[in-house]
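First, one chain by itself: the form predicted alone, in structure tokens.
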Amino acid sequence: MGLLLAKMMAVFGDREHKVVIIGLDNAGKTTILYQFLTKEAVHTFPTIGSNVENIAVRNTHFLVWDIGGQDSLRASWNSYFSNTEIVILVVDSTDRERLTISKEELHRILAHEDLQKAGVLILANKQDVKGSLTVSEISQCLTLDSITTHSWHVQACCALTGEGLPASLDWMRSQVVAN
């Protein structure tokens, strides 16, 4: 009976689901957060610390933490992981030189004990830029096929136009409803 009640609460949105958005600096994390919220591109500045917003998707409520991605701030990411259900990794699809760093950070955080049950959404941002890496290329570079302990999904997107972001929210919702 308790399991049925928990599933019903998840479907009807009585509970908030924690999401953290991580990624290297200048990947588009904050632009994506506010595109989720307002469906408009907003002018942003580098995040020092974090931004947090509540986002509702068809009666499913997410508390979304956007965490600064500068090198000096990455060590503090793990302090945000408690009770996280979904991790969003935003990747700048044009930043070929730093994709290895994104890969290392992704695999490092997936080993964190607070994220053992978290789903992972990789947003391949800046797909509107000529010469950007494809979803397939990003999947290969991040060695996503080696991730067997977490459910994951890669979504092409453009933070400025919002393209690909509704599908991302649908994936997030399906993950929390299924759990």
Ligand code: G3D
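Treat the numbers as computed from the prediction; the structure is a model and nothing was measured. Numbering starts at 1 and runs along the sequence shown.
Absent from the display: the form predicted together with the ligand. The rest refers to it.
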item	value
Options 29-37, 55-63, 115-123, 138-146; stretch whose heavy atom lies within 4.5 Å of the ligand in the model of the complex	29-37
Non-hydrogen atom within 4.5 Å of the ligand in the model of the complex for each of D25, V129 and A159	yes
T134: touches the ligand in the model of the complex, heavy atom cutoff 4.5 angstroms	no
4.5 angstroms heavy atom contact with the ligand in the model of the complex for T44	yes
Residues in 81-101 with any heavy atom within 4.5 Å of the ligand in the model of the complex	none
